[in-house]
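Quick setup: one chain, the form predicted alone, written in structure tokens, and binding and motion questions come after.
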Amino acid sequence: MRSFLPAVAEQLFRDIQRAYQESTQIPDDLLIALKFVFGSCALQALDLVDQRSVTCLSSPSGRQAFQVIGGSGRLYTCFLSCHYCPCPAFAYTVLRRNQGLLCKHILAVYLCQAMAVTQQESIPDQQMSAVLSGTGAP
């Protein structure tokens, strides 16, 4: 699922997963590596993780989307399968200027997945269709 990320990022998420499973903390060396690889959005993403701002929506048909409550309180629906977030930072920094791998919302999703702290919510297929089309929220 993360095949579009550089190998160093893939390995970093695996290392975070392993460390967090062992001690429920991310060691300083991995936090430094996170900041080095992802830049300024790393700290903001960790803040979103601490606030439990990431929810994985899943439907009976197997569709999955992630909703992240941003720092301003706005809800962003992110898709890891196509590496997309509708936030302005993703559009500008990642897509337009090509200056970052991810926005803080997608990074928070990856971190929550690695740490197994993602909130889970099952929704009906009809509601998932509304979320995916941008016409509804859970």
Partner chain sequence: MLTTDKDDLPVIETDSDPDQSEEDADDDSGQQISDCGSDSADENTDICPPSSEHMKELEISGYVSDGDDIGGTLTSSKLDSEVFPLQTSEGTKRSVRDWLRSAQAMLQTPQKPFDRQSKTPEDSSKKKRKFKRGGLAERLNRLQCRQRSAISFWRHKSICDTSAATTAAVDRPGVLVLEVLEVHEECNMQLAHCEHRQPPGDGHQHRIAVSEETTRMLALFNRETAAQMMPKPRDVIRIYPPWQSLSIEGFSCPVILNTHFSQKVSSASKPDGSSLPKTWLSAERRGPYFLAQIFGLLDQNKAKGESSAKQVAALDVLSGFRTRHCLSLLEAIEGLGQAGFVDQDVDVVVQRVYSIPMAECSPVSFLKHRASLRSSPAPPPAEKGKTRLCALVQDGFGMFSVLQLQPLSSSDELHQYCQTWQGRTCVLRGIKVVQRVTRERHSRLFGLIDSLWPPATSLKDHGNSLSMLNESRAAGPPPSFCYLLSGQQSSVELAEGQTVSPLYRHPANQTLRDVLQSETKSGRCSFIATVLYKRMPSTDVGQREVWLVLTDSSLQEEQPERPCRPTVALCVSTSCVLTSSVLEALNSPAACDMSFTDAIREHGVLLCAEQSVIKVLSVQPGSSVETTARQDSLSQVKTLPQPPRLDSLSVETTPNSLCTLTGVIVGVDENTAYSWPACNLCGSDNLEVSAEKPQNFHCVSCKSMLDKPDTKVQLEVFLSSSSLSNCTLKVKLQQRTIMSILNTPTLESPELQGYDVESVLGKAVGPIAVYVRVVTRKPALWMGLEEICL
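Small disclaimer: the values here were computed from a predicted structure and weren't measured. Positions refer to the first chain, counted from 1.
Note that the form predicted together with the partner chain isn't included here; everything after this is about it.
Within 4.5 Å of some heavy atom of the partner chain in the model of the complex lies at least one heavy atom of residue 114. Contact annotation: residue 5 falls within 4.5 Å of the partner chain in the model of the complex, judged by heavy atom distances. None of the heavy atoms of residue 86 is located within 4.5 Å of the partner chain in the model of the complex. Though the partner is left out of this view, residue 60 does not reach within 4.5 Å of the partner chain in the model of the complex, counting heavy atoms only. Taking the partner chain as positioned in the model of the complex, the residues of 10-46 that bring a heavy atom within 4.5 Å of it are, in sequence order, 10, 11, 12, 13, 14, 15, 17, 18, 19, 22, 25, 26, 27, 28, 29, 30, 31, 32, 33, 35, 36, 37, 39, 40, 42, 43, 44, 46.
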